[in-house]
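In the block that follows, a single chain appears as structure tokens, in the form predicted on its own.
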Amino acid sequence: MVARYVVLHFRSPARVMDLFFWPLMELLVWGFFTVYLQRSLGGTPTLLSSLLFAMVFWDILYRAQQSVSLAFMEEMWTRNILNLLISPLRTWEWVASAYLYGLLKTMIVAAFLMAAAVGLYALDPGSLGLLFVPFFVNLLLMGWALGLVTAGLLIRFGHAAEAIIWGVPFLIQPFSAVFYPLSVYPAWLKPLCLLLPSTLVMEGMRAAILENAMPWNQLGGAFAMNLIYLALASALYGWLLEEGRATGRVVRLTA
């Protein structure tokens, strides 16, 4: 299954362009914004680095979610779901293949963005060092959980839910403290923001860069929440898949 998704992706020029074009456009937008802050408003180098890392981190979460959701969408577009259901393929095997496919895509995009940020804006990767790895893992896990939820919603609502694939990440972005600290939120909203692992990752990243602190509390809290959310997302996906089989909804997705 991993080989299937890789071949589908890398044999399509449009899909390959999507892998590099849109992340680069986002980097250019936020990169020029950071240059503006530095030249016009006197932004510090560490602040500018935190903005660029925030953009890279957000794209990691977004790509991880998209990869799982689009893996399911590929089966809908090619009307292959019924073939998978009557094959010996188990549900957990398909989920694992979608995760691995998502990991591969996310690693490619992250490496490309980091290299572009270093070349275009002199970003110092050493400002995070090895902490980049646990941040990456946490965002990957959250993206996988969101991807499973959106795949489950596709089973439940069919093609009418395709817009959800693109919209779900942006529903949580305003509450994830991506480009600004948690301190700017009103007091009543902060507890809700802290329920998102992405908020803890972004806060931990800023603490590491701006304060030279080790964000173990944020990393530990984000990892614990991600395990819970991933388990809940897996249960939801499994339930919606079984319900779709029982009601014939899954079969109608191939019609």
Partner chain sequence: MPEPRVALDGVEMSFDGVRALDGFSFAAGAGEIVGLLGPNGAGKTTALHILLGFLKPTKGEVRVLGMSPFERRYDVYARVNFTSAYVQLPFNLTVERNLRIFAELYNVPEPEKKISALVERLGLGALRKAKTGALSSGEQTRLNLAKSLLNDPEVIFLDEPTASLDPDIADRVRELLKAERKERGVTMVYTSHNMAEVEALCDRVIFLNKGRKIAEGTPAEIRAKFGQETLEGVFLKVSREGAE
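Numbering follows the first chain given and starts at 1. Everything quoted here is computed from the prediction, not taken from an experiment.
Another form, the form predicted together with its partner chain, is not on view; read the next lines as being about it.
**Q** What is the one choice in Leu85, Leu141, Met114, Leu128 with a heavy atom within 4.5 Å of its partner chain in the predicted bound form?
**A** Only one option qualifies, and that one is Leu85.
**Q** Examine Leu89 and determine whether its closest non-hydrogen atom to its partner chain in the predicted bound form is within 4.5 angstroms.
**A** Yes - in the predicted bound form, heavy atoms of Leu89 and its partner chain come within 4.5 Å of each other.
**Q** Report whether the minimum heavy atom distance between Asp18 and its partner chain in the predicted bound form is within 4.5 Å.
**A** Taking the distances in the predicted bound form, the answer for Asp18 is no, it never comes within 4.5 Å of its partner chain.
**Q** Looking at the partner-bound form in the predicted bound form, is Pro23 within 4.5 Å of its partner chain by any heavy atom?
**A** No, Pro23 sits far enough from its partner chain in the predicted bound form that none of its heavy atoms falls within 4.5 Å.
**Q** In the predicted bound form, does His159 come within 4.5 Å of its partner chain, counting heavy atoms only?
**A** So His159 does not count as contacting its partner chain.
**Q** Which one of these stretches, 150-158, 114-122, 77-85, 131-139, sits within 4.5 Å of its partner chain in the predicted bound form when only heavy atoms are counted?
**A** Comparing against its partner chain in the predicted bound form, the contact stretch is 77-85.
**Q** Counting only heavy atoms, which residues in 1-39 are within 4.5 Å of its partner chain in the predicted bound form?
**A** Those in contact are Met1, Arg4, Val7, Leu8, Arg11, Ser12.
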